[in-house]
Structures are given as C-alpha cells and as structure tokens.
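Below you'll find only one chain, the form predicted alone, shown as structure tokens.
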Amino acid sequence: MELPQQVIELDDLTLRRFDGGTDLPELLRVIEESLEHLRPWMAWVAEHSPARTTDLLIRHAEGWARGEEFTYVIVLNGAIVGVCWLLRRDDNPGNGREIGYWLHPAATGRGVATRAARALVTQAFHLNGVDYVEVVHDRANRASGAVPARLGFTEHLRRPAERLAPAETGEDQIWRLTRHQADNMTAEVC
C-alpha cells in the first residue's frame, strides 16, 4: 500500500501525521480556542467535547493505518495551528482524493491553509493512479473556497447537501484539480 509522507516540511510550516499520544493535548486546546470560529462551518463542533473529539481524532489516526485517510496537524513555528487531511470518499467516482483543512483563527489570512493544501495536492498526485483532487465546502464559506481558487482548481459542480452547521446554505461547492492541470502548473502553484 502506497502512503503519503508522514512529515512534510515547508520552511516555517510543517504538516505532521496526527499522533494521538503526543499531539492530542495541544490539539484539544487549539480546538477549544477555535470553537466559535469553526462553529458556522464544521458540524462536529456542535457535538464537541474532549472525549468525543478524542475518539474522532483517534479514528482518524487509525484511518492512516488502513490507507484511507491521512490526517495531519498543521504546525507553524513549532505550534499546532490547525488540521488538514487527504482522503478518498466512497462517493467520488474514479480515482480521486479530497483535501480539507481548518485553522485556529490566529493563523488565518496568512497563506497557511493554501500552503498546506498545496502540499496535500502534491502528496495526492504522488500516489499511484490518482486522477484528480477535490475540495468540497459549503458555497457560503468563501474563506475555504479561496484556497482552491488560488491553487488553480476549477469549480467542478455544485450539489445539494444537508445543512449540518449553522452557516451552511445546503449547497456544496466542489472544486477539482486534475493530474493534467497540476502537471501543467508552475512550481509556484503546485
């Protein structure tokens, strides 16, 4: 089974495979500090408790071992500031992967999510047979949508979605970047 890198170094930014033993206390603190920032867009926040979130994070870590889901903590200047992930969804046709991300509010607006997403795109296309990468978000979440737009993704489609978080509109916006598009990009973008 082919897996992405466990640690990705990007100057002052590091993406590191989530480790439930060492990362959990700091990540729970970052989540607690980010609840109001995340609540409009992240459905799991409504059910957040240290115990529930710990269980969820441990399941994400187990997904790595199965080769299904690759969850990274985003570390900026030595401190965890968010999470990003690369996964395959059963509802994705063909051989695509999806990436996602969230940040502590103090880390937003600094290119951190864009740099993390760019690194995950690179990892996805190093996996055998991956044809495309997608970013899926509620159409009203403009901050999440700005990341794939900056990286050269194109809007692939919009689809109805269940409203799970308070600010969601019930319409997902799906951005797609194909291997061919990524191969034709400059090194600056991908």
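In this text the structure is predicted, and so the values were computed from the model without any measurement. The numbering used is simple: start at 1 and walk along the sequence shown.
Same protein, other form: the form predicted in complex with a small molecule, not shown, and the subject of what follows.
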{"property": "Interface membership of residue 71, the small molecule in the predicted bound form, 4.5 Å heavy atom rule", "result": "no"}
{"property": "Touches the small molecule in the predicted bound form: residue 121 (any heavy atom, 4.5 Å)", "result": "no"}
{"property": "Non-hydrogen atom contact residue 30 with the small molecule in the predicted bound form at 4.5 angstroms", "result": "no"}
{"property": "Contact of residue 143 with the small molecule in the predicted bound form (heavy atom, 4.5 Å)", "result": "yes"}
{"property": "Which of 48 to 56, 61 to 69, 132 to 140, 153 to 161 lines the interface with the small molecule in the predicted bound form (heavy atom within 4.5 Å)", "result": "132 to 140"}
